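Shown here is one chain on its own, the form predicted alone, set out as structure tokens.
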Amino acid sequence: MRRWIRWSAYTAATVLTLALAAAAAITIASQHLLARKYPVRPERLVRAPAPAVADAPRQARLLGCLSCHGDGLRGNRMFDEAGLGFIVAPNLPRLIRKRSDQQIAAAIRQGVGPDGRPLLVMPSALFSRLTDAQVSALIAWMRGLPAGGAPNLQRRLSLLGRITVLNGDMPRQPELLPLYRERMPPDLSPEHAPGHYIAATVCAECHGPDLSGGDRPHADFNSSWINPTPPAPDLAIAAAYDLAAFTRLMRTGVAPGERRLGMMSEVARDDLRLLTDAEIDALHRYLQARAAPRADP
């Protein structure tokens, strides 16, 4: 009996030691990935014209900045899942006072912090497509926001959260930049340039880098067992909408047949409703042209 108890104790001690060693290995390996430093390229910034700065709040809403960072960009605990940890979208009016324009632009378009470490949830790979003028206007607008709200918190990941890092379910933004460069939506003609730009910088957040649908590659905890949301469709589906139906969808989130389309309806009601009539028309014409059969070159 005593021998059985002794061997049981040895077995339990061995299992505990192995579990602790595995947890330590996971923590060290994930921290290595999170602490990796990436080269930061100089950003080309321009003097933003006053009309562009005045339009920046609308652009920030269309790009989803307020959806993540909250009203006034004062920060938001955007992911807080029991057993995984939490990720905080920082209070930007506070943060921007500690950063140069170059550092802010690098965070927006390269997905790196001032020390070269990678950002996680910030969709910088998508925002790498923003023009110099638009980034400059956003920075100028943010610098004018009042610095209130709570201080910034650091992200906190549990062991399971760190496993998602190692598994690739929490992508590091600098490593997604090549994907978004290679899989641009087709540039059809100068006539469709305005719609192409909106599709590439707004629609691609959910519908994929080239609008072909699927899971969002830049999303936080982008795993079906953690974040089980249906994949977005290929935007060739836009060919089924005339301009009136497409406009209604953008404004209200309601599709023909009075259908609600899950996340699409939410995004339309919160953000896409701010598209102008001209922008909706340009986007619709581009998506219609993209969906049309094209002769092989």
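Everything quoted here is computed from the prediction, not taken from an experiment. The first residue of the sequence shown is number 1, and the count goes up from there.
The same protein also has a form predicted together with a small molecule, omitted here; what follows describes it.
Checking 122, 165, 84, 176 against the small molecule in the predicted bound form, a heavy atom within 4.5 Å turns up for just one residue: 122. Using a 4.5 angstroms limit between non-hydrogen atoms, residue 114 touches the small molecule in the predicted bound form. Not displayed here, the small molecule is kept clear of residue 94 by more than 4.5 Å at the level of heavy atoms in the predicted bound form. None of the heavy atoms of residue 38 is located within 4.5 Å of the small molecule in the predicted bound form.
Interface residue remark: residue 261 is counted as part of the site for the small molecule in the predicted bound form, having a heavy atom within 4.5 Å. The putative spot formed by 69, 127 and 207 is fully lined by the small molecule in the predicted bound form; each residue has a non-hydrogen atom within 4.5 angstroms of it.
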